[in-house]
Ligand SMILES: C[S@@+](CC[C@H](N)C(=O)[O-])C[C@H]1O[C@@H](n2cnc3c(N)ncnc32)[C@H](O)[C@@H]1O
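Encoded as structure tokens, the following chain is the form predicted on its own, with no partner shown.
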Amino acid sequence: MSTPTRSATAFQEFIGTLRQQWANQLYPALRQRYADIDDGSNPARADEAIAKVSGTTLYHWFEFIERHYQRMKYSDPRWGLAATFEACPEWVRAQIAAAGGSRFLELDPALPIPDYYFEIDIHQHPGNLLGAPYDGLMYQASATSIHPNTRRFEAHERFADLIATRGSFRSVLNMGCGFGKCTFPIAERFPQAEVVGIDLSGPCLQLAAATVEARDLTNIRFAQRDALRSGYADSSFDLVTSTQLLHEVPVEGIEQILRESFRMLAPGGQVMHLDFRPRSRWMEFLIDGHSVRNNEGFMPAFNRMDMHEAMAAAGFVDIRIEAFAETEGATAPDWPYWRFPWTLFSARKPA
């Protein structure tokens, strides 16, 4: 049975190393160039600094690397992830074979897919997680190099730990679960809870279900459903979560997700959506650029959305919007490396 070649593996390791160099050497140099101009005295000064930095060769190189390392990772015709998995179909089938007939999986091939999902290949992922049987495997492989300076899936494990400080939950819904990188830590952290992960992508859910079969977990289920209209009954859960979902949905979709979260929560239940939110003009500029370079067209509108107002309009109270550290020390003001501005949007449904 053909498997991914050593050359393809070495190429992906090179891509990961390039990402580290971009985050840990190129970005600090760019940030210092910005800080040399902006003294923090007023917003106009920040805009002046951004205008000057954005015209430098250093910034253009920063842009080029971010755009093209992602393109190479997915779509290099020799060793990109798409070509690698396309070349070994039997190996791909073996990785997800355990999902066949799994009691942990509910697929709906007739599920209507929202139009926005087809507008662009988010993250430059060919077919946007619906194009090929190996999409779950490709997304999983890609995710290992997305967040530098963290352990593999450390952010999701830390999110599960944070959730545990907010209560003891018995029924949890994880929206936009993908291949389960956030769902599994929650299920492990709350063995007494029934944990459900939903996503539009059948290939991702198949990989998630195959992973369940290989682990000692019985309190987890995966279902192919739309987070905007899940079909679950009112008051079905006492916690609704998502990770990096909101910024990949149009504003009206985000508002619908908040309403759907509220509807499905039992009285007194909590919502915790983990996503990104810039906290400075500099970071807003970088994230706006990232949205173009990484094909995330809905991100700028989300960045400017009044989430406190939107959550209140959905009916939530005790709304909190707070920085989240994906690794120890990441939110410190002197953190020198590139990182996404992780943010937790949490609230409660009135009892």
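Please read all numbers here as calculations on a predicted model, not as lab measurements. Start at 1 and count along the sequence shown; that's the residue number.
The form predicted together with the named molecule is left out here; the points below concern that form.
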| property | result |
| --- | --- |
| Heavy atom contact within 4.5 Å of the named molecule in the predicted bound form, the stretch among 90-98, 169-177, 72-80, 232-240 | 169-177 |
| Residues His123, Lys181 and Leu228 all lining the named molecule in the predicted bound form, heavy atom within 4.5 Å | yes |
| Option touching the named molecule, based on a heavy atom within 4.5 Å in the predicted bound form, out of Ala193, Leu245, Ala141, Met264 | Leu245 |
| One residue of Leu105, Ala210, Leu129, Met272 in contact with the named molecule, assessed in the predicted bound form (non-hydrogen atom, 4.5 angstroms) | Leu129 |
| Heavy atom of Pro114 within 4.5 Å of the named molecule in the predicted bound form | yes |
| Non-hydrogen atom contact Ser201 with the named molecule in the predicted bound form at 4.5 angstroms | yes |
| Exercise: Arg221 in contact with the named molecule in the predicted bound form, heavy atom 4.5 Å | no |
| Exercise: His156 in contact with the named molecule in the predicted bound form, heavy atom 4.5 Å | yes |
